[in-house]
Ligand code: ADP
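Presented as structure tokens, the chain that follows is alone, the form predicted alone.
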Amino acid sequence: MNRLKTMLFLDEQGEKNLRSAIIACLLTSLSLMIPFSITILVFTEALTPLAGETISWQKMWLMFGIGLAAFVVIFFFSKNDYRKTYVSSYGNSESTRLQVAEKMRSLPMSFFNAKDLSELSSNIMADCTNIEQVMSNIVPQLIANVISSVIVCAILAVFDWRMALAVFIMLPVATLVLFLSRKAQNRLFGRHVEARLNAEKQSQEYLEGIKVIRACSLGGDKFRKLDEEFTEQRRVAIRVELVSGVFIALSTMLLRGGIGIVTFVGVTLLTKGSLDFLVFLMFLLISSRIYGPILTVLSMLPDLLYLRVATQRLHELMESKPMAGDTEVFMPGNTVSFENVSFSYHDDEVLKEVSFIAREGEVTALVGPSGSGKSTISQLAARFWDTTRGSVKVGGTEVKTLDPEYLMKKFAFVFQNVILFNDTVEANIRIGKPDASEEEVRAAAKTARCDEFIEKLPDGYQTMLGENGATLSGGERQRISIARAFLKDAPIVILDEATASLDPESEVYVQQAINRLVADKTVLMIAHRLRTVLHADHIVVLEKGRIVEEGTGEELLAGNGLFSRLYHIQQGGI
């Protein structure tokens, strides 16, 4: 049971539900033996004239009444079976998806850099669906049918142990065939999972890049790659079905051969006079009842083997080490300080011995050429990653010692690429403070200068924005992001190229909103337009992961260093 618990990602309640499902399926399986027992009794009574006796119609009507009662019993057992297996498995699947999503939320960004989005989507959807199907259609029925078969064979042994052995002997043989084929099937299942993930990755890349593909007439080349992945997936899937089908067919043939063995042993014993005809008839009827459900579940056993391979990545995800730390730690002040910080993406060192202080109530600008490490610094401050060497402190406390969610209460972000959800305007703003009142949401929107365009939307604050705010312009989406930050009212604000891709009119509106947002807060501002940071309290200039200059705008312009050179290049371009 522990192995099943691990394989199916069951918590304590899930394990309890699985046990209940097995018991429910066992009761259903055993209850279905009642009609066969009644049938045998009816045959026995119907054949009494052969022994020179008369049929007792009183017994026949009694058995008819028992049969009707058995129908009611089977109905209620089957109803309970459905509720305990299917309904509970759907609930467990929902719980598993939430566990996976919650786990992802606690993992460092380095985990997501090493994973493809389609693979993570597959973890939540396809893998959890596989678990759901196995829990509802295979595991409870398989275990229950094996237990009921053993119980029935034990009861049959009371009548004749030789016939009971004949009924039972092919069950372990058929199971052994499938068990021995496990390695061959696992290899194919692994290739099938890999082919499926490659096809999903290629599909996602094709859909995400459809505008570029059409604009650059790349349809033939990109579609060829997509077609190759789908063709490979089909080829591997056919091989999986073929190999699995061969082993299932062999096991089924062996199991069905059990009925022939029962017949052969029964006839042999009958001709020798050591077996009663009615007992022989009983074994024939019951053996067909025993093998039927097992044959059905046996055909689905490869799905259980496939699950182990298909969910291997899901197990790796769930076993990944989350970012943890202390909560409710007192942090005096909101100063952000970097002390000899170095950081590497894999083997590529992007920050080298970086040290500076972003003081409370000041705007600290991070500037420099692309790839110099500006965005990395902002993400290390909020502990999206942990430093390779050195320390990052917020309010004098090392961020590595803090729980990421607790630390995040200190930060508000306004990114260049705003992420909006396919929900209402109000819901997207409320992300900044989930328990905010309607009045607080509207006040934040007004401060961020969102109200003027929200009022023009069809349903105002209840307008659905579409996927990633497709119905809004870039400036409007940016102001929604700023409204979130206003609503959160965190003491540290990170602005990552917040106005870089806006038209002049939108930039003015967004800049006005930002000016209100950052008042009296610790601000880390990343900018490529150097004229926007000239009046920052402190400017940190980076190049190739190192700090090459620091100071105010006037000091840096007078110093004729990298900042001055970049500034005059931009001004000349303008």
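Residue indices: 1-based, along the sequence shown. The structure presented is a predicted model; accordingly, all values stated were derived computationally and were not measured.
A second form of this protein, the form predicted together with adenosine-5'-diphosphate, is not displayed here; the remarks below concern that form.
Figure note: of the listed segments 346-354, 333-341, 443-451, 93-101, the one touching adenosine-5'-diphosphate in the model of the complex, with heavy atoms no more than 4.5 Å away, is 346-354. When contacts are judged by a 4.5 Å heavy atom cut-off, P369 counts as touching adenosine-5'-diphosphate in the model of the complex.
Looking at K374, you'd find a heavy atom of it within 4.5 angstroms of adenosine-5'-diphosphate in the model of the complex.
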